[in-house]
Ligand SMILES: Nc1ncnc2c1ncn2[C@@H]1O[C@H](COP(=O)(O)OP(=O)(O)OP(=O)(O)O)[C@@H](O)[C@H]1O
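In the block that follows, a single chain appears as structure tokens, in the form predicted on its own.
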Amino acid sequence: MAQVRFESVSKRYGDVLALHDLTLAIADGEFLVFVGPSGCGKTTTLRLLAGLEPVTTGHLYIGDRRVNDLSAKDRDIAMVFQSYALYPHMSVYENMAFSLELQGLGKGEIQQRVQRAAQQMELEDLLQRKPKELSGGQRQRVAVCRAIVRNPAVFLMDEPLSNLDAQLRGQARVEISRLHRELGSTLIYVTHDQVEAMTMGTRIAVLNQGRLQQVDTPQALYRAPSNKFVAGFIGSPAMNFLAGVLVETDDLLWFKAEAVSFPLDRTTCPGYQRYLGQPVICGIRPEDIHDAHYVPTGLVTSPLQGKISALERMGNEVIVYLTLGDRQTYAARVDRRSALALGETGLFAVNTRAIHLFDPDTEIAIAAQGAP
């Protein structure tokens, strides 16, 4: 296995800068997920690492080797594609064994590797089938097994679950995570699905418009996003944003907007002080807006009223969409026992210790800038 390092790596296609000055170290044995919207540069990053695209500027290392000028076959990587790219005329066994035959391994070694990988992914009974005889989930597992048998330094996966239905995606996430733990391999995974990113990665690198926005553990990204983009991208439903100002009244710091106002806990961020009297963007996650009748104990809350424009009853929870004075719709994730009804004005409680503030010009989290 091996560490991977990007040192000021950029990729340009003509006048389009697809990846800008990426510097990132991925530890030996780490499961790192690149996530972001379509066109953010995540697949480009993977293709650069795989040797499928040349680096425009910067240095790319796998282990101690600079691999900018190495061909894909010499980089000791294995890649699982979104399309799986199985050979339709070959059996499952032959698909898995093909790369090993190209390496010149003996039949005994090839059979041993294929059987071991098939056992890990529960494919022993399917080895003689052709890809057309397999379900989508089975083809996905074959593609993963084909990578496993090579025993590479780094595994690369480019949205390998996007062709599966919701139930199979859940099963596949568990299988790939288990496989990573068993192999102890360095695994770099690309997805646009934040659920995959949050549940699988030991760290997540968030990209937008070719630039690295933040890299951290899933919980750290959720609790302390570095900017408004990360805050809005991580979490579903997405974080609510309100434009307002910070004011001080009776020795309390308040966020005030057109239709809402609530006091803030000064101790959570001394950096708020320098924004007194200035515009800010307030971010509140839907799960921090509660039905006022079912507020968890121990929270410091402030009341909020809004007209309910839509309800999504999920069984274990209720997603409520409420309209405030500015007619913008906000989401709240409330207790499943909630009796809120469509069209009524509901009473909610905002957890004021869980709000986020952002500079309206830079969109950087104010808390991240520290005290003046």
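Model, not experiment: these values are computed from the prediction. Position 1 is the first residue in the sequence shown; the rest follow in order.
Below: the form predicted together with the named molecule, not depicted.
- [ ] Find the only residue in Gly63, Gly58, Pro37, Gly29 having a heavy atom within 4.5 Å of the named molecule in the predicted complex.
- [x] Partner contact (heavy atom, 4.5 Å) among the options: Pro37.
TODO: Kindly confirm or deny that Arg75, Phe98 and Leu102 each have some heavy atom within 4.5 angstroms of the named molecule in the predicted complex.
DONE: Negative, none of the three is within 4.5 Å.
- [ ] Although the named molecule is absent from this view, report whether Leu357 comes within 4.5 Å of it in the predicted complex, heavy atoms only.
- [x] Flag for Leu357 set to no.
Open item on the list: With a cut-off of 4.5 Å between heavy atoms, is Ser338 one of the residues that contacts the named molecule in the predicted complex?
Closed with: Judged by the heavy-atom cut-off of 4.5 Å, Ser338 is well away from the named molecule in the predicted complex.
TODO: Flag Glu159 as yes or no: does it have a non-hydrogen atom within 4.5 angstroms of any non-hydrogen atom of the named molecule in the predicted complex?
DONE: Yes.
Open item on the list: Is Ala349 part of the interface with the named molecule in the predicted complex - any heavy atom within 4.5 Å?
Closed with: Taking the distances in the predicted complex, the answer for Ala349 is no, it never comes within 4.5 Å of the named molecule.
Open item on the list: Quick check for you: of 37-45, 63-71, 301-309, 327-335, which stretch puts a non-hydrogen atom within 4.5 Å of the named molecule in the predicted complex?
Closed with: Stretch with heavy atoms near the partner: 37-45.
Task: Partner contacts in the predicted complex for 13-31 (non-hydrogen atom within 4.5 angstroms of the named molecule) - done: Heavy-atom contacts within 4.5 Å come from Tyr13, Val16, Ala18.
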